[in-house]
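One chain comes next, on its own, written as structure tokens: the form predicted alone.
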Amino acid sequence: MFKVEDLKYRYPKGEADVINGISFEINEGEIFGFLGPSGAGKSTTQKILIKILGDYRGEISYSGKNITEFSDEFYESIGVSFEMPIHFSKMTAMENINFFLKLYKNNANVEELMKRVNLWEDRDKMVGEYSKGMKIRLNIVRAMLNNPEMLFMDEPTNGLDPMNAMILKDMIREFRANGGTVFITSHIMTDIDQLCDRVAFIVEGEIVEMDTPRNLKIKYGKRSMFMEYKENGKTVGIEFPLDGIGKNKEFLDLLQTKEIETLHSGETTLEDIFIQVTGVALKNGE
């Protein structure tokens, strides 16, 4: 869907490039996660891909065509959900939606979308009266108004309660299942793990790692098995090498003779990988 080759970018008053020759592809029908600490270049890259920023060096193609060759028809095929919802606060939700609908030739079923994100009953309420979570959900509707082929989502579940976050993630999966492609940035690693087919980590304008979440967990994980079992009323923990564990006599004996409480491999989490490859710890999961 997108092919980015040797992308570099420097802001007009900047002294150095903030994007340092990155290359990657986003395949049609995949959810691609773009991760990194604040200031790493995530937002700049997204702004270039959606044609908000120009004057970059390198080449970017969309559906096999250089994005510089697209005019306004480019925006007919993409939807963008920015991290900070931007709406007309002195208009109702439906007045907002109807305003943006007029910008597109192709229109989605608004009632269906609004009901899906639990906003239909509040459609005639002023957006200024909406909570942050409601504004975020309205932002998602706006991003999908034109039945896009490609969605860009920046921190899509940040500020949503667990139920509405689950609804949104289901919508993203269904969008992909129907042939859509998604570019997503987030600091909520559980969302990335649950949604993304591949992820890329960007640090100081350079991509330092890119693969499927599963492959990254295997690469950065510890090849061990940790067991907790009950003995004399206490919990005992013991770790075994994963290699050859099927023939490890002590491990097998414990399985057969002890009351096992937990048993899990040394597979790491995307949050651990984020910290390891970027050198930056996440704060409160964000």
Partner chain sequence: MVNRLWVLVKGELQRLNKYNMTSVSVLVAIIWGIVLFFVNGEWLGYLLPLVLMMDATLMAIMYVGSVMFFEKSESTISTMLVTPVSNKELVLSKLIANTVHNMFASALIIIVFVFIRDLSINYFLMFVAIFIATAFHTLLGIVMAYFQKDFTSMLVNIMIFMFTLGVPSIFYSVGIISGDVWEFVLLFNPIQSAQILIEGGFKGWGFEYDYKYFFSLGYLTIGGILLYYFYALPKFQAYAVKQSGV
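Positions refer to the first chain, counted from 1. Fair warning: this is a prediction, and the values are worked out from it, not measured in the lab.
Same protein, other form: the form predicted in complex with the partner chain, not shown, and the subject of what follows.
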Lys47, Ile50 and Lys102 each touching the partner chain in the predicted complex (heavy atom, 4.5 Å): yes
Can you pick the stretch from 69-77, 199-207, 159-167, 176-184 whose heavy atoms fall within 4.5 Å of the partner chain in the predicted complex? 69-77
Check each of Val110, Ile188, Met171, Met91 and return the one that places a heavy atom within 4.5 angstroms of the partner chain in the predicted complex. Met91
Closest heavy atom of Glu95 to the partner chain in the predicted complex, within 4.5 Å or not? yes
With heavy atoms only and a cut-off of 4.5 Å, decide whether Phe82 touches the partner chain in the predicted complex. yes
Are there residues in 1-24 with a heavy atom within 4.5 Å of the partner chain in the predicted complex, and which are they, in order? Tyr11
